[in-house]
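What follows is one chain in structure tokens, specifically the form predicted on its own.
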């Protein structure tokens, strides 16, 4: 089975990489980390103008109608650049949820604006510490009014639209609701995290107007399906970041001299770089499998998604950590950019579930496939 990208998709990668080199340097990331803004609004506008936020949305809803293979290419390059924009929350989560389960009226109301980047969307499932489940949800909807708290919500401080998982009677114990975040009754509280360039927030809904998204009582299965699809895209972001961290370490090792020799010539450094490369290559291989399963909506998408997600988390964390080690004492300083990747790797490892959660999913998917 061939998991390689086409010539057109590789050209898209080259275009995306060039665009981000020009518009998303590490200086842009540092400005967000050191400033008061939660994201780079100018970069977000340019990304939307490039059509990336509209990649897989059908043309009848204002999108480009391209495949998920184009989207994973873009995700990889955004991860490589550590782009400080709400792309994953708006594109992988909110747009996908509306596209999959929205009524025709909801699609026409929201997808064109999501595609144009005029609206930022997100997903709200967790309600505090611990792994969320259908039985742990406390948020409820009564008479179209949503009450409850969600914490943390990716980009919740800047989003205009949120898909909320609430407790429901019958079915799998949960339902999804679509909520316009511009309502005055909704309180937003920014939450400080390890990576301020990808913001999080607490949302208190206080009787906000909410519309059912999909089928009542089927929300938890919808969330799991959405997570499987998003996991592949997050994994490609992580592969892009892990490759960038490896390149940062390699470039530093080639240019840093000790005892008259580049430190890249020493065995200890060679082994670090080689180990990073092996983990990155393994993760990329698993991501190819995930991209194929996502594009074809294969029955083994849960297995492919979990495999890609676990490998992506492990590769990015390892590469970001070894990049710091390769830089030595200076790698720990604020002035060097190594911590950018470490921050992003740690944050991405928790979005849509931790590594442990996805390892459990992987075991469950393997057992299911073996039983079949």
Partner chain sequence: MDFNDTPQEAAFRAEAQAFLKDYYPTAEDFKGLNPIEQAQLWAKRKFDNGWSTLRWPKDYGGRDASPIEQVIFNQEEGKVSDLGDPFQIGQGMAGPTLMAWCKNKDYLERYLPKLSSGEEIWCQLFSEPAGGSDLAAMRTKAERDGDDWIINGQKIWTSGAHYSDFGILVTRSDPTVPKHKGLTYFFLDMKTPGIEIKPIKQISGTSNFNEVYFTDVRIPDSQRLGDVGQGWSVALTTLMNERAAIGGGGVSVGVKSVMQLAQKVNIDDKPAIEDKQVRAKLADWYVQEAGLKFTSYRTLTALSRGSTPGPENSIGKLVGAPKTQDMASFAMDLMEESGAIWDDELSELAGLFQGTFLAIPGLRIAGGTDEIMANIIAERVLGLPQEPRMDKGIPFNEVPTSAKG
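If you're wondering where the values come from, they're calculated on a predicted model, not measured in any experiment. Numbering follows the first chain given and starts at 1.
Not pictured, yet referred to below: the form predicted in complex with the partner chain.
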So, residue 18 and the partner chain: in the predicted bound form, are they within 4.5 Å at any heavy atom pair? no
Non-hydrogen atom contact residue 8 with the partner chain in the predicted bound form at 4.5 angstroms: no
Consider residue 246 of the chain shown here, and say whether it contacts the partner chain in the predicted bound form, taking contact as heavy atoms within 4.5 Å. yes
Interface membership of residue 65, the partner chain in the predicted bound form, 4.5 Å heavy atom rule: no
Work out which of 54, 303, 47, 32 lies within 4.5 Å of the partner chain in the predicted bound form, going by heavy atoms. 303
Can you check 139-147, 100-108, 171-179, 277-285 and let me know which stretch has heavy atoms within 4.5 Å of the partner chain in the predicted bound form? 277-285
Of 304-319, which residues get within 4.5 Å of the partner chain in the predicted bound form if you count heavy atoms? 307, 310, 311, 314, 317
